[in-house]
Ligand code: ATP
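Quick setup: one chain, the form predicted alone, written in structure tokens, and binding and motion questions come after.
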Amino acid sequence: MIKLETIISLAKRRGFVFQSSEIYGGLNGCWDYGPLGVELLNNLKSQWWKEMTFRDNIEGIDASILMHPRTWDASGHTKQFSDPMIDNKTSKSRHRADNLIEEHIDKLSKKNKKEEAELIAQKLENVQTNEDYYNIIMEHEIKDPISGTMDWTEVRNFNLMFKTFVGPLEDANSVVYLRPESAQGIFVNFKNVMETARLKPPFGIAQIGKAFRNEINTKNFLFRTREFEQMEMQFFIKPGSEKDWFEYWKEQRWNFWKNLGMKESKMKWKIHDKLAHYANYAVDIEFEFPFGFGEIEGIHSRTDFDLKAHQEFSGKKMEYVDTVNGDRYIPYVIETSGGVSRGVMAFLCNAYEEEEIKGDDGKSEVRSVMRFHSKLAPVTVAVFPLVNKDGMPEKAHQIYKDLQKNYKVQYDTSGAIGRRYRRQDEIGTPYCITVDGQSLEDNTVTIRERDSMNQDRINADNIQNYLREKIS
């Protein structure tokens, strides 16, 4: 299993991801996408957008991050969107109570104290109140990982929404929140989209957008952050048809990740036994990260909870009325919700491999390669002149400029050709084109494929067709 530190190191060294505000010591839980990272990010979003909106019955929107505060009263976030937190008085550190207990269970399992670990896990499953969390921590003497003490406060709820103010006055009447999820922007626009796009159930509304959660304990690189993007689609259906549509979207979403190269051996379903207050079915697609399995997308049957709540709080009808047969109902909703950052991290982990090969000198060496699907790869093709003389740079540069019209391309003249291949392998470039002496005689070039390292010799006039065929 690859180590998370290896992925983080490569991500910085090659320009995928940087720590936010690094020159000032960084801001915990916030990350910046570098030149390669932003291409990978945008390619993933582009594939998702095409997958969702290139259909007859799904339209896209881009809702505002700031929304009327009553939105969050209706959705339940104002009262219920909180984590159980516990503070250690000695170290002044704050922890999520459930995470603290889960980490203690993991430690016991690694020490082969399985009976005690299973007992605590059973208690954790049956937690009803914050007092239950506190009792588990005290009874099983779970210590603060920083100070090593049991100097705990009581467990309290901490709301995860970022609060700010609209207008010149900072008072209760001007409070707004950075949205903690993008779904509510879809729900409040349900009638607007349905009427203007002339849709009727079943239909969907798709959106890619930022969300913000004031996570106390951010961890595992891009997996849990305070600022992130979601790829969400809410599919509005007739009540009673939710089970069939739920199964349909489960298959669709699994295939999306698989078809972009994610290894099925590293994917699994997590079925929710405890459902959220709005759901009657719920599953997650999980990916095996270096730290274990974690969610990359959720598929939920949200019933009519959201539209009914917004109808109640706003006083505006959220019904669909069939003008042909007179049917009138508030639609049920199937939600697909994936994290862009988590998706990027999953594909970084999924793509990275190390293999032993023979170098140019015949000796064994380790090749680091990112096996991105060609539709996701930050750079699609690299162009090299074999040497920087005899007209090769001029011809290579012309090919580079021609390819730039359709693909993300890099041009590299630095170092031996083998070293240039290795640089492209490590960032996941699927194809490398080399211009050599023969190219000047017969207009042919070599195209090297990343995964097999096989080379084809083709006429330079056929490069565009070759790449188009391979990528499609």
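Note that the coordinates shown come from a computational prediction; the quantities given were computed from them, not determined experimentally. The numbering used is simple: start at 1 and walk along the sequence shown.
Below, we refer to the form predicted together with the ligand, which is not included among the displayed structures.
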{"property": "Stretch in contact in the predicted complex with the ligand, which is absent here, among 215-223, 120-128, 196-204, 385-393 (heavy atoms within 4.5 Å)", "result": "215-223"}
{"property": "4.5 Å heavy atom contact with the ligand in the predicted complex for all of Arg96, Glu295 and His300", "result": "yes"}
{"property": "In the predicted complex, Gly338 touching the ligand (heavy atom, 4.5 Å)", "result": "yes"}
{"property": "Any non-hydrogen atom of Phe228 within 4.5 angstroms of the ligand in the predicted complex", "result": "yes"}
{"property": "Contact of Arg179 with the ligand in the predicted complex (heavy atom, 4.5 Å)", "result": "no"}
